[in-house]
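Just one chain is shown here, as structure tokens, and it is the form predicted alone.
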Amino acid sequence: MAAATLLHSVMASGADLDSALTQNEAYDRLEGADRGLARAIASNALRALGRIDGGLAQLIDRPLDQVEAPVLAVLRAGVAQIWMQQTAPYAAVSATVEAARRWRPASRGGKLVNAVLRRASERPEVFTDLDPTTIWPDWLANRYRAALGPDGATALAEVQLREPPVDLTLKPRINAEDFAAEIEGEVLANGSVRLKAGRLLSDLPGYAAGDWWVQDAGATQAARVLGEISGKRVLDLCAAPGGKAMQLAAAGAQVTALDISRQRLDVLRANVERTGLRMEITEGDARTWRPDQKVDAVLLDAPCSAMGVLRRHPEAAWRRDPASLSKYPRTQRALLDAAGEMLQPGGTLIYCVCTPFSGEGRDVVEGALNSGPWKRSPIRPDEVPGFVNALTPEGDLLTAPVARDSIASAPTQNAADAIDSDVFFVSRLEYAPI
């Protein structure tokens, strides 16, 4: 019932799952493993929502928009268990029917839930035979195909269908191999340590000492390609929650971390306090704020549609529409231009966004190159171990998952080293005023 009410809150009110979790009475009443199970059911249903609805549509004799929303939420929670979590059908059917009966808004749908879930357990092919990209709205699936190609879109969908792992970035003094062995993790080619999802992070060694922080392996590449920055003055714009800023500080840079959101800066301060890293933290709008003196490098993680991190926030696919994506490029270009006013001549700008769409990534960079004082500084293969396959012909980085057979056929990338990660576009530019 908790899972169903969470799904209903997300889909009916447009809330994100994390917010729904803090306001859900049924979830609050749960403890221990039951909480984890409720969240897993809701997360899996959101992860494959379009595909689940495509399967349900073949099992119900009316359009889904004619099914009462609470009943549909219960059905989604039920088939998520059967189709995605391999719960024993008799258990999933029994528990889900009971949830419908207990939850008053869905109580009239008990017979429908019982009948549909029994069909779902007998006909799993109505789900498994659907293209993985049906997890998204049609318009979004088409955009992914245009950005990544059909195979790339399918690979991204398959990654989203799996619960994402947890990647840790270690301080330079921590031996990755020893630490990974201690926590039963895996050292990735870029130096991150990857854990299976579900571990209680605060119980891991080194948490209290601030030896590491959570950061997707793909997200580490933006700071990595700044190269040797020890002693240099570096601005991290739109810095919160601070993973990249902590990378820069750990590498010895003199970091100023700027963000417009006071709430997000509170998270950054908490992270910095735990890790003991030093940086200046400032609240401000990067479009108008300026440093006292020009700096050696700027890392700009620009606001974007975040369509590259849906495996962590799958509900966002259903809270966006094509029009909502059109607002970002103007702000991104304004921030990029502002970054130029903060740099010394010859200084380096890293521009990155967590989306594969060229309108927010490559096109913004090309526009700046064509009309401003910039030169592209192509990223080299030796700078991005584990992500060589993600280099574009222009020398930018797009860390979208790709089919393993295409990696294996590429002479520059060892398939065993290739890292699946969230999607990030990263470009390195040199400020070159006349």
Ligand SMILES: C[S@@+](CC[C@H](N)C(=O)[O-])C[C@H]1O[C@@H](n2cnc3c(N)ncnc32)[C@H](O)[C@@H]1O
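In this text, residue numbers run from 1 along the sequence as written. Quick caveat: nothing in here was measured; it's all calculated off a predicted structure.
The following text describes the form predicted in complex with the named molecule, which does not appear among the structures shown.
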Worksheet item: Exactly one of 153, 72, 240, 350 has a non-hydrogen atom within 4.5 Å of the named molecule in the predicted bound form; which residue is it?
Response: 240
Worksheet item: Looking at 126, 335, 97, 325, which has any heavy atom no more than 4.5 Å from the named molecule in the predicted bound form?
Response: 335
Worksheet, complete the sentence: Which of 76-84, 248-256, 97-105, 283-291 lies within 4.5 Å of the named molecule in the predicted bound form, heavy atoms considered? The stretch 283-291
Fill in: 4.5 angstroms heavy atom contact with the named molecule in the predicted bound form for residue 260
yes
Discussion item. Although the partner isn't part of this model, could you tell me whether residue 264 comes within 4.5 Å of the named molecule in the predicted bound form, counting any heavy atom of the residue?
Written reply: yes
Worksheet item: in the predicted bound form, does residue 135 have a heavy atom within 4.5 Å of the named molecule?
Response: no
Worksheet item: With the cut-off set at 4.5 Å between non-hydrogen atoms, does residue 216 touch the named molecule in the predicted bound form?
Response: no
Worksheet item: In sequence order, which positions of 287-310 have a non-hydrogen atom within 4.5 Å of the named molecule in the predicted bound form?
Response: 287, 301, 302, 303
